[in-house]
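Okay, here we've got a single chain as structure tokens, the form predicted alone, with questions on binding and movement later.
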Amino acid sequence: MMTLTKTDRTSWLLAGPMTLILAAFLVLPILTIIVVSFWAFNEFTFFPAFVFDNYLFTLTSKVTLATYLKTLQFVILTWVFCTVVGFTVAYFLAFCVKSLAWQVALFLLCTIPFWTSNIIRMISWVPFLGRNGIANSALMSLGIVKQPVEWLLFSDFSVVLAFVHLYALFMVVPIFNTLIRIDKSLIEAARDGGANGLQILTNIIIPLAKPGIMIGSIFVVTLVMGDFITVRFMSGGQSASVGRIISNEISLLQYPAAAADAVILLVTVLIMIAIMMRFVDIRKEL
């Protein structure tokens, strides 16, 4: 029989409180959702059972498949634009701003929009992109268009724009944290060896920034996959997402169906994260 040493007992005691918190607020809710996903329901109530109808309906529905494809489209577009914006801002802060004080000041400036509610920041685009909004007024006054551009608001464009606005900082922070750790002597040595700016960017900076890009990608992917309010408001009800399906099922008291969709969504997100983590070891950043 193996006996625990004093060091082992101390380690277990230190890890115990966090283990209990994770079990109570993470593991237990997920297990509850999984159990409820096998329950049955009707027009009036839901009740304990062990049926696969909720999963069969979700996995065989063409509407659900189309909704997942639309959600993945939002995820890919948002990830691409957030990566470009996040890397550009992080690169500017890490290599173009020499003063530490200015780096901190500009970084805090990037966080100012996050001091307000997500919904307020999202809705602020409505008067800007609307038919009689600032964007259309500027385009017509400059003679670029003769009539208001209809697709600026209540479209997939406005949804992706709102997503990028809401979640770009989640890409800036980890990439900036990675770039700031790069030894500047590597860049100087590359310049001394005759490398130009593009070669330094593609062969040194981007490879070393991969952990930060992956961490930011995990944040962006998970947030967009689970979002429902942005798609609802910014598309004007013309687009759907998996989060909206779950929200609608909850509003109709179809909790088992919503739980099944939540489990499928969780598995999908975990698979996407597992694929991303195969490209780079993000544990070096943690």
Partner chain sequence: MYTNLQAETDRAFAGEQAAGRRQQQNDQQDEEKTMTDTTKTTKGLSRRSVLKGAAATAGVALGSGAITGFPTIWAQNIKNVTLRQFGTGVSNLNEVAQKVKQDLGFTLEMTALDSDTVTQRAATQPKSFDIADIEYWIAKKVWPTGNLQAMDTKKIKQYDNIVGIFRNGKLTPSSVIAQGTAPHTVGFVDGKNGKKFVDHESGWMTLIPTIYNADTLGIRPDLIKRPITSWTELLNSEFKGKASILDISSIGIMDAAMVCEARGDIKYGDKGNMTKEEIDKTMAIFTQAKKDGQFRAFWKSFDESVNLMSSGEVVIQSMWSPAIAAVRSKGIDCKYQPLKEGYRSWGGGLGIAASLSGLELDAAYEYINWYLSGWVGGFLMRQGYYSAVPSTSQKFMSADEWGYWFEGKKAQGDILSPQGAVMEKAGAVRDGGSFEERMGHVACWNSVMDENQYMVRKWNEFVAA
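Positions refer to the first chain, counted from 1. Since this is a predicted model, take the numbers as computed values, not measurements.
Just so it is clear, the following notes concern the form predicted in complex with the partner chain, a form of the same protein that is not shown.
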item	value
Residues 63, 67 and 131 all lining the partner chain in the predicted complex, heavy atom within 4.5 Å	yes
Listed residue (209, 215, 160, 153) with a non-hydrogen atom within 4.5 angstroms of the partner chain in the predicted complex	153
Contact test in the predicted complex: residue 222 vs the partner chain, heavy atoms, 4.5 Å	no
Any non-hydrogen atom of residue 36 within 4.5 angstroms of the partner chain in the predicted complex	no
Partner contact for residue 41 in the predicted complex: the partner chain, 4.5 angstroms, heavy atom	yes
The partner chain contact at residue 32 in the predicted complex, heavy atom, 4.5 Å	no
In the predicted complex: members of 234 to 249 within 4.5 Å of the partner chain, any heavy atom	236, 237, 238, 239, 240, 244, 248
